[in-house]
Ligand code: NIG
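What follows is a single chain, given as structure tokens, in the form predicted on its own.
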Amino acid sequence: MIEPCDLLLVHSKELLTIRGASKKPKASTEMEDLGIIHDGALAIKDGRILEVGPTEEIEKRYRIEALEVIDASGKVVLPGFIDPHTHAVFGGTREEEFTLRLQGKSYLEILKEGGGILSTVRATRALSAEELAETCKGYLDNMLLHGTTTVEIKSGYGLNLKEELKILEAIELLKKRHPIDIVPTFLGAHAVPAEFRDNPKGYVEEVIDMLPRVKGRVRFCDVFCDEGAFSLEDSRKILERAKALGFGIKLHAGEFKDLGGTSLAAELGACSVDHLDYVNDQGIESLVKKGVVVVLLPGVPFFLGQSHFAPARRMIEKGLPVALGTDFNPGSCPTENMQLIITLACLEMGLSPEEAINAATINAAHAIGMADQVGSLEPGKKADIVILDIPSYKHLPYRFGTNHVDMVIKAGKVAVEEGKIVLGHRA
């Protein structure tokens, strides 16, 4: 006998299950398959998906017992978006730098003059953990309103032990208060702080000393391996120590220059390597061999006014699993909207709508080690679901600049309805 369910969603015009890739991310032609069920339905109990299938079959099993029924007629249903790369806890804003870039200054020039990340470090250090959490809550609200249900958040705007711990404390507060699931990452090696300007090697040792103190508070350790940040040698030193301590490994690489971070990510068995606007075929092939997910961030070169985007088509053709993220931060990509990122991935990187949606759901879940829980609509997984008020999934990247969310269901409960967050803070 089938158990009664708490919630029944029926008559979706297109139900995108994204099924079959919970153990291994989608690659190559697999990224074209959305697992669509026309006139689809699903049953939910205790925050988990019980069953997925055609409405006619699901209604026969569950409708009488369902406590609540949602009619998604004419709409598209898919898993909640997973944003696997953000810097969402910070103080201040950097709109003045936006103007400077419009006048011709580059991101790296601004950073060398004490702006950029260092500007945000100063603003972040000026706030308490409570103030940071309250500020970030608004950003998470925007993410949820646009359909993001799981997000990775990096530290990295503290750049000393006290301030990095404060950021991680703010993340802990948000995990208790906000419906979105948060995966925390330690990014002490985001930039060299002003006080170590003349001793960057000393700061590398400082980051290594921080690792035991942040262990248990985060899932991953990340390093910004790029021009203007950390060398390949220093990145290796930090990440090898992090791996020895049991951290999952992530790596920023190839945003401005290819320093060889792909080979390091492959060697260390990184969960993901992110950016890769600059990468060669050898680097791509090394990642393919080790099954490392790449997180592409098209919002960054777009917002920085650059014409060089990650070679996503080449990556997919070589069999590399591709994920998408916002890189939400105050300087190089101040958007919380994964729908916009999907459009940019299609327009600027050549992804098909199907590839981009898979990249923003199940592959993004793999990039943060959560694919067994989220990223697809399959029995046993969290009931994190987005209902879009569009007639076909192809309208998602096509109708850009509009929030298509009709409803968000988070862990089996309605979280967003009629453009408003209706699910209260967690107890």
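Just so it is clear, the model here is predicted, and its values are computed rather than measured. In this text, residue numbers run from 1 along the sequence as written.
From this point on, the text means the form predicted together with this ligand, which you will not see here.
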query = Can Ala242 be called a contact residue for this ligand in the predicted complex at 4.5 Å between heavy atoms?
reply = no
ask   = Does Asn160 reach this ligand in the predicted complex, with heavy atoms at most 4.5 Å apart?
value = no
query = Does Tyr107 make contact with this ligand in the predicted complex, using a 4.5 Å heavy atom cut-off?
reply = yes
task = Answer with yes or no whether Arg94 is in contact with this ligand in the predicted complex, where contact means some heavy atom within 4.5 Å.
result = yes
ask   = Here the chain is shown alone; which of Cys221, Leu351, Val322, Ile117 has a heavy atom within 4.5 Å of this ligand in the predicted complex?
value = Ile117
key: Heavy atom within 4.5 Å of this ligand in the predicted complex - the one residue of Pro330, Pro193, Gly260, Gly248 that qualifies   = Pro330
query = Would Lys382, Asp384 and Lys410 all count as contacting this ligand in the predicted complex, using a 4.5 Å heavy atom cut-off?
reply = no
task = Please name which of the stretches 306-314, 331-339, 287-295, 262-270 has residues with heavy atoms lying within 4.5 Å of this ligand in the predicted complex.
result = 331-339
query = Heavy atom within 4.5 Å of this ligand in the predicted complex: which residues of 84-99 qualify?
reply = His85, His87, Arg94
